[in-house]
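Single chain ahead, by itself, as structure tokens, in the form predicted on its own.
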């Protein structure tokens, strides 16, 4: 049985009247890659900031390896942080940056250099080790950022949207690195607002919005929340109010409305044979529909069910 390495209980944080976290609770096991999935403003960065010790004035608790994370400073040396903002010196090379940041953890110089060279190979930057970072591409900088977070061999790695602003190939490389980190036994908390990313690399997923966890589990466990239903995505030049009014006039037996916004709606049908009748009802009322897609239950459908809106809203 995997050991619980991180236990978060009832973390709450507000900025004035804006609630960022509301009694947020979550646990993480050793070697687990946990994806925190939520839209911008869900509270993901606030959580990472609290756990990394850069944000105060909150309530609640967090224990790491059974000890109070916020009172034992020595525990910080067992945690790696990869923030959204790049954390390195642009005029220095990749190896120099790793040696500088690793030096803050009192690692013997010979061991630190060995570790730095090893990490440069892991993030595929060995050939550019001495080149100034200002010449690096966005994807290379993101990979170096992860290497810096790992240089002291942490037992827990916190990554705050590490794939923001990079191309597809660079994103694939970074996701591979994160997956391998978990397989080697390091626990990872990985925040994102990209469904595909958590589907690809996370052993467990937590859906959060407005500072709370709405659902958590493996991908298969989350999909079971929706059940064996057909998901219908309806797009067109209609308002949310117009669509809702027409739906209310129908026989909605066996149908669930997952979300309705201007120009798009998502419906779930327990019986796929009811889909044609519902579509006929919409067309009968001259709803301007431009596209119709039928999908199997997936993580997007779970997010729609839990939040009532698309992740991109």
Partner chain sequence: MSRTTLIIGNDIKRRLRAPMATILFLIIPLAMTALIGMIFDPGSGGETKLPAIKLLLVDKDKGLAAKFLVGAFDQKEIKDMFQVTLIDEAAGEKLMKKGKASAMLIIPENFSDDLAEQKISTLEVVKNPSEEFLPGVAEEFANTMAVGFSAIVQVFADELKIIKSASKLNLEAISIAELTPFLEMARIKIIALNSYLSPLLLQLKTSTTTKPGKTAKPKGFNIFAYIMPGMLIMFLLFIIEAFMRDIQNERADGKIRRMMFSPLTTRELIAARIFSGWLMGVLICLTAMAVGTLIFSIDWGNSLLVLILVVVSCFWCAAFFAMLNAFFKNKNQAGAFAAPIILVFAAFGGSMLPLEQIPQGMRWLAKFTVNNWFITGSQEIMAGGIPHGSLIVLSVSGLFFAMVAMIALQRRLST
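Residue numbers count along the first chain shown, from 1. Since the model is a prediction, treat every value here as computed from it, not as a measurement.
We do not show the form predicted in complex with its partner chain, though everything after this point is about it.
- When contacts are defined as a non-hydrogen atom within 4.5 Å, none of 269, 272 and 302 contacts its partner chain in the predicted complex.
- Screening 236 to 244, 118 to 126, 163 to 171, 143 to 151 for residues having heavy atoms within 4.5 Å of its partner chain in the predicted complex returns a single hit, 143 to 151.
- Interface residue among 54, 249, 263, 280, judged by heavy atoms within 4.5 Å of its partner chain in the predicted complex: 54.
- Of the residues given (92, 232, 215, 212), 92 alone sits with a heavy atom within 4.5 Å of its partner chain in the predicted complex.
- Taking the partner from the other structure, its partner chain in the predicted complex has no heavy atom within 4.5 Å of any heavy atom of residue 110.
- Although the partner is absent from this view, residue 106 contacts its partner chain in the predicted complex, with a non-hydrogen atom inside 4.5 angstroms.
- Residue 96 belongs to the set of residues with a heavy atom inside 4.5 Å of its partner chain in the predicted complex.
- With a 4.5 Å cutoff on heavy atoms, residue 203 does not count as touching its partner chain in the predicted complex; it lies far away.
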